[in-house]
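Take a look at this one chain, the form predicted alone, written out in structure tokens.
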């Protein structure tokens, strides 16, 4: 197991891409702190699965990603438990779809807070611990929308572009410290986040559910297939290994060819 003795915090990890990433890290021996919402029993089951896979400890922290104090406390809890975190995965995200003239200001604020500003706070808290250990891996889940725009997603596109810029800056600041900082940018992955935006897109564009899937979501991906959470997780796992130690400040696409053109 290549991550035995390492510890990871994965935000937004009680479902979807984040949970797949947590599973991939645990399968290679890492202790993992989940973060996100969910029923107590379901989260306990996830923790049992992760600790069973790794032989290491798995914890859950319900820190609200809009609350800097709770974010800092989560990182310090991971440090107290394991001396890390050695690995930080910024995956928490929300979405809202609406034309700019109708876009609620409170939705803009929430999307920027969770998709971008929370990553600033996790990195700010985790980097000193990584520097002290002389090793660290920061991976942030961006999006194809960190490279290209789509209508009706002003806040999400702005946040994901900003996340890439933040990551590049941190990569340069930590380049001599044994720390790498990278983004992975998935295309459309079938997750609860994607499923929840379908009704809004139907309303905004006057389309049926099937038209949204075929003519909006998968229209951008030449493979005409959804990316899987496990494919994204496999790339994150690679970036956490020694073979990727020279990769930093990168934004790596996993998007079925979406951004190739």
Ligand code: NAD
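Residue numbers count along the first chain shown, from 1. This one's a predicted model, so the numbers in the text were calculated from it and none came from an experiment.
There is also a form predicted together with this ligand; it is not shown, and the following applies to it.
Residue 24 falls outside the set of residues with a heavy atom inside 4.5 Å of this ligand in the predicted complex. Heavy atoms of residue 160 reach within 4.5 Å of this ligand in the predicted complex, making it an interface residue.
When contacts are judged by a 4.5 Å heavy atom cut-off, residue 78 does not count as touching this ligand in the predicted complex. Although the partner is absent here, residue 35 lies within 4.5 Å of this ligand in the predicted complex, judged by heavy atoms.
Of the candidate stretches 47-55, 203-211, 62-70, 24-32, only 62-70 has residues with heavy atoms within 4.5 Å of this ligand in the predicted complex. Proximity to this ligand in the predicted complex, defined as a heavy atom within 4.5 Å, singles out one entry of 164, 125, 189, 155, which is 189. A single residue from the set 94, 97, 170, 130 has any heavy atom within 4.5 angstroms of this ligand in the predicted complex; that residue is 94. Of the residues in 191-205, those that come within 4.5 Å of this ligand in the predicted complex through at least one heavy atom are, in sequence order, 191, 192, 193, 194, 196.
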